[in-house]
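Here you get one chain, nothing else, as structure tokens; it is the form predicted on its own.
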Amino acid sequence: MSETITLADAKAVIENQIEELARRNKEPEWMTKIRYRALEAFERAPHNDPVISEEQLLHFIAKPEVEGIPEHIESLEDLPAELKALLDRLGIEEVEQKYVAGLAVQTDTGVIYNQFLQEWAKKGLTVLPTEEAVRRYPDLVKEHFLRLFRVDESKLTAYHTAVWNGGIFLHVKEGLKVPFPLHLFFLIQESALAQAPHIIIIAEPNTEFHLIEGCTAPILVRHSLHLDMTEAYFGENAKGQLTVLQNWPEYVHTRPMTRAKIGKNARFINTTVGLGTGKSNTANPKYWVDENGYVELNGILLGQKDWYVDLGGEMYLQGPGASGINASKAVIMDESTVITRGIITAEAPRTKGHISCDALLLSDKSRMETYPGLVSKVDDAELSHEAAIGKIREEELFYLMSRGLSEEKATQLIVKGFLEPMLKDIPMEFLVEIRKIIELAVSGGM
């Protein structure tokens, strides 16, 4: 970074992006005003990222290396050849054929939307690019947009709010149970591009759904920033699953921001599989749980090279009988660092919470830190935590190798067995790919 970038430089770039987004999206004035309020907040908001300095962030904003992408993407065939080939390698077409379900692919600032979902819209399922939802359902978007975030929390939240682009608006109307997983894939192809999709999930009472986010990028990406924001709202007795599959290369900085309100008797299971978390991945999701509601956070992390992963998670058990689990399993190798933080706060009677952190270290230079936090404001809450950090035991390796396995194959088998309990809800075609990636990583082939 030889050239000095000032805050004024970055603000000028953001203002240009706001005008371009407003023009391109035919955006209503109220949304553009939100963007400009975020631009003003960007200047005064604190910057507290542990990896990306404020100077680096300003460079991400003001000096992107644009390589170009088609402006209007209406089908898979409109994608650049290299991205189409990447989709084929990931098996996304197979997923679409198998489920005949929702495929929305966001590539930088373009979204590809599966027309099949128009049929399901008649039954009460709305899956739209967020920009389109802003125009078609303004009252519903206004009611939920940034309800769980403060725009001035940090420079990253302010920046996201000012330049958000793409993402999905998912609305499941009361009583509808969606029988197939919905798929959303993010890809980055432009270097140094800040990608900021905004996802809104509204599950009305007595609904069920499963949304799968797949995140990846071509290996040629350099120092890109993925800055997504997800807001989820669950009505009474709603049941939802969000499965996030991350396979970013080592040059991408990811900052997922997820928050959810879980209503009375509602259930939300959020599973993140971080097989490639990129150069750094920092997140602090927050969940508010109402009476007899339940939230389950599952994190499966693979640390490689010099990656830095810092995952938090705050749960507020606000209603009587609310409960939550925050569980993570990490396999850490090379010189990577994985940090897990979890805080469960019991604010109502008969609440239950548990934090579990397990790590398998495959290198003397790898590092794991875990910081569980339990806070009770009532007398009868049940809160607990457990943590285990260790290496593969010599006797386990010896036993498997005595059965004819090489050390590499034995290590792969132990690692897969360690992670397997958390993979129970992942569709089979993804499970096959996940196992392949784990095998490659353990054998040093990635």
Partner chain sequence: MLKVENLHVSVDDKEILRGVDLSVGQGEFHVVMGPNGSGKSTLALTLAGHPRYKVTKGTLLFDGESILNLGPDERARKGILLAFQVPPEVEGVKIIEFLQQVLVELKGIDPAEAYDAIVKKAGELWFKEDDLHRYVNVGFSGGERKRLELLQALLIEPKLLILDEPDSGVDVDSLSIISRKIEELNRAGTAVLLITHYGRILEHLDPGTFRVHVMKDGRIVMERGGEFVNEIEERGFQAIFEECGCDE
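Residue numbers count along the first chain shown, from 1. Please read these numbers as outputs of a predicted model, since none were measured by experiment.
Missing here is the form predicted in complex with its partner chain; even so, the following discussion is about that form.
A residue is said to contact a partner when one of its heavy atoms sits within 4.5 Å of a partner heavy atom; residue 417 meets this definition for its partner chain in the model of the complex. Though the partner is left out of this view, residue 398 does reach within 4.5 Å of its partner chain in the model of the complex, counting heavy atoms only.
Its partner chain is not shown here, but in the model of the complex it comes within 4.5 Å of a heavy atom of residue 409.
Contact annotation: residue 402 falls within 4.5 Å of its partner chain in the model of the complex, judged by heavy atom distances. Of the candidates 387, 413, 62, 45, 413 is the one whose heavy atoms come within 4.5 Å of its partner chain in the model of the complex; the others do not. Note on the partner interface in the model of the complex: the residue among 33, 377, 393, 26 having a heavy atom within 4.5 angstroms of its partner chain is 393. Heavy atoms within 4.5 Å of its partner chain in the model of the complex are found in exactly one of 49-57, 417-425, 34-42, 379-387, that being 417-425.
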